[in-house]
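Given next are two forms of a protein chain, the same chain in both, each as structure tokens and marked structure 1 or structure 2.
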Structure 1
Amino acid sequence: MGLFIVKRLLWIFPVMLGIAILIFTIMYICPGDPAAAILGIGATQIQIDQKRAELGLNQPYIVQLLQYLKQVFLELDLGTSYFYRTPVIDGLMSRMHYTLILALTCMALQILIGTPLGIMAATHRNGLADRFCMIVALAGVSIPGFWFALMMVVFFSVKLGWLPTYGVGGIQYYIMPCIANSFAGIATQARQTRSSMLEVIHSDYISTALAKGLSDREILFKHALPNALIPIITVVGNGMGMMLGGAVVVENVFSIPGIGNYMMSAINSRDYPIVLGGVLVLGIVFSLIMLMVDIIYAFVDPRIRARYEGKKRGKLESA
């Protein structure tokens, strides 16, 4: 198991290398000139060319790419913001806790609401509870997150005045952002839980448990749910990626000073180092979360744990 964790940690490096190359290429071919954005409308072409040379933007693509990869992976430096003139890593870390609070809360809502909805739908298949859960799930995967967030602002803030429109503070500031960002994840979690539970419920060992006279509660939580957890856990891990990505939109709607808001402002102002650094940091966070998901697999499913242990024993025996 330890060898598996080490291998997965090592795989993070080529993954991050691919992400860095991809996002750098996308930002390179995007329209817009950071030098012109920094100098403003009144700048002359000579001033713009000088600024481009100062920032190294006049060099060929491959030269810029290699310099950036060297800076990130060898010097461990995400660069300096064009506008703020501060290290990108400092700006990201000062805003990280807002994004993590939002993402982790949304993931908790996805698990605590989506999983019971899926179980209820599976155990009441084709009933009213099943139809209600699937309507909620269909709405969650169909409604755009930013539109849902704006409608919540109009209804709960403007019309009713129950919740603050924007900013950060107490728990009331996170209610609407967390609901808006987690709605799609709750829907996906409910659909996957329902599908996994329906597959397990019709298995032979469930029929055997029924024949033994076990209660519905024991069958559900001791036999059915543990064997349906692998796909459910996968959705939870992927959901964290959705929450981190959705935070970029939700933080801008509710003016939360997190990484998403920081990156969106950087995109509008062509502050490429912030965008590149933000994508890399979020990519590392997501890679570590998926590593945790794979480790949880081994604890949930003894077959996976036995496979890892079997490989280890096989190497020892052959030695």
Structure 2
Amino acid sequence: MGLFIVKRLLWIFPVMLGIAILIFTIMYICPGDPAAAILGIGATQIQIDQKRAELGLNQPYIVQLLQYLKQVFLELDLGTSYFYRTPVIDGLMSRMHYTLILALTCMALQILIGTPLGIMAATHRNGLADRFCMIVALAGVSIPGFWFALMMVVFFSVKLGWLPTYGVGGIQYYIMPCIANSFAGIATQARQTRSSMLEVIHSDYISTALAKGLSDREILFKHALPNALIPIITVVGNGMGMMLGGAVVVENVFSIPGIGNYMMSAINSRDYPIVLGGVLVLGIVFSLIMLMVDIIYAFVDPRIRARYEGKKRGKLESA
């Protein structure tokens, strides 16, 4: 297990290198000139060329790439934003916590609401609870996010005046963004839980457990749920990764200065160092989350643990 984790951690470096090269290349071939973007309307070509030279954008691709890789991987410096003139890492870190709060809360809501909904739906298959869950789930996946968010604002903030319209601050600022952002996640979670619970409930070992005279509760929590969790973990992990990438829609509607907003505006203004740095940081976080997912898999499922551990299995199998 330890070896597995170390191996996977070591993998992060080539992955980061891959991401850096890929993104750099994409940014390179992407149309749109950062120099022109910085200077804004009314700059002459001569001024733009000067700016390009200043930013080192007039050098050949390979020189720029190697320069960047050297800076990131050897000097551990993500560079300085073209616009903010501040180190990229500072900009990312000052915004990371908004995204983290949002992502973690949404994740918690998704798990705490979505999972029980799905379990209820599965155990009361075709019953009232099932219908209700599936209605929520279908609504969650088919209602456009921004629309749901705006409707909430119109109702709770413009009409009732209960919650702030936008911005960041105390808990009340996060209520609507979190609901809006987790709605689809809750729906997906409920669906996934239901379908994987149904699959598990019909498996033989549940019959075995029933035949032992266990109570419904014991069967649900000791036998069915832990097995059903396995596919659910993937959904949670993927969702977490996506949310960290920034809930662009929700951050935009509620003017939350999170990573998603930051990267989007950096893409729009061709602030390459921010885009590159942001993707790299997110890449690391994403890789770590995926690793965590795999570790949790192993924790839940001894078969997978055995695969990570490698040798042991064959020996015992033949025993």
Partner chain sequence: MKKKIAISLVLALMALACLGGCAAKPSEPAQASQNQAAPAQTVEPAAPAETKVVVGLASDPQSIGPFQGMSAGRIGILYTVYEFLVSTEGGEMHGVLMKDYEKIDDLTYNCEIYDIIYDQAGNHVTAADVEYSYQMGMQSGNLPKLGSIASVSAISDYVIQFKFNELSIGDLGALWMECPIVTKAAYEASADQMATDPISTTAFKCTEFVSGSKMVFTNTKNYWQTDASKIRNTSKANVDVIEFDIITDSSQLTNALKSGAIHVTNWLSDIDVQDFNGAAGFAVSPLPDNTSYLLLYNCDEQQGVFASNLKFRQAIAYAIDNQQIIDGALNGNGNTAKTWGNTNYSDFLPDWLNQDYYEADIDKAKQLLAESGVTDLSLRLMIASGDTTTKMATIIQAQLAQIGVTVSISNFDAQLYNQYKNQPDPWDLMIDQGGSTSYLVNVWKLTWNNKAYVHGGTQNFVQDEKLQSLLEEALTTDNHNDASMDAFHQYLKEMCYGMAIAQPMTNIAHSQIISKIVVDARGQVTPGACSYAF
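Since we're looking at a predicted model, the values are computed, not measured. Numbers follow structure 1, counted from its first residue as 1. The term rigid core refers to the most C-alpha atoms you can superpose between the two forms while keeping them within 1.5 Å.
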Pick one: is 1 or 2 the form predicted in complex with the partner chain?
2
A211: Cα shift of 2 Å or greater between structures 1 and 2 (core-aligned)
yes
After core superposition, I'd like to know whether K51 moves between structures 1 and 2 (criterion: C-alpha shift of 2 angstroms or more).
no
When the two forms are laid on each other by their rigid core, does L66 show a Cα shift of 2 Å or more between structures 1 and 2?
yes
Rigid-core fit: what Cα movement does P31 have between structures 1 and 2, in Å to one decimal?
3.4
